[in-house]
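In structure tokens, one chain follows: the form predicted on its own.
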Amino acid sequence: MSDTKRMALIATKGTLDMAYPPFILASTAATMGWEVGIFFTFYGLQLLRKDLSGIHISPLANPAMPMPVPMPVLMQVMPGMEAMATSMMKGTLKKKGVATLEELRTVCVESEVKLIACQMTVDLFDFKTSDFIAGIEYGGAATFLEFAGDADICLFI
């Protein structure tokens, strides 16, 4: 048995606020010498697409999201509010020196984090392998469970 720690993550969401945790945890653990795998399924699969510019944050149904001014729910559904919230969040991340999603994902790739795209979800949404970045693995639940079965830490995000 290896002394190397192993972490398995499941990424199920494709919004800006839910995209950061799997990449931050994975890149940090990989930097610490851990073996890391992330299984991207359903909406989390968006995080493996070549273009991440469509990743947004929604102020709606996100009551913990701090807004500069209190905003009634009705205003949060108005056209342009998602774009405004995304722009504000990206501006705050940049101002605070937080790496971009693209940068974090690149660190994961360079650190040999195993990025597993759920084949069932790829088929379900009629994606093509050309939609995704190079160097990822395609597999189902059994592929992920094979990796996760020996994990010291397993997280669902």
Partner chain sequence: MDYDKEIDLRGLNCPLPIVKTKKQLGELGSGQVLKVVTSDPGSMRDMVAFTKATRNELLSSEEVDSEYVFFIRKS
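Numbering follows the first chain given and starts at 1. Model, not experiment: these values are computed from the prediction.
In what follows, reference is made to the form predicted together with the partner chain, a form of this protein that is not presented.
A.B. asks: For the spot marked by 52, 129 and 137, is every residue within 4.5 Å of the partner chain in the predicted bound form through some heavy atom?
C.D. replies: No.
A.B. asks: Taking the partner chain as it sits in the predicted bound form, is residue 27 near enough to touch it, meaning that at least one heavy atom pair lies within 4.5 angstroms?
C.D. replies: Flag for residue 27 set to yes.
A.B. asks: Test of understanding: in the predicted bound form, would residue 107 fall inside 4.5 Å of the partner chain by heavy atoms?
C.D. replies: Residue 107: yes, in contact with the partner chain in the predicted bound form.
A.B. asks: Hey, in the predicted bound form, does residue 32 get a heavy atom within 4.5 angstroms of the partner chain?
C.D. replies: Residue 32 belongs to the contact set for the partner chain.
A.B. asks: Applying a 4.5 Å heavy atom distance criterion, does residue 99 contact the partner chain in the predicted bound form?
C.D. replies: Yes, residue 99 lies within 4.5 Å of the partner chain in the predicted bound form.
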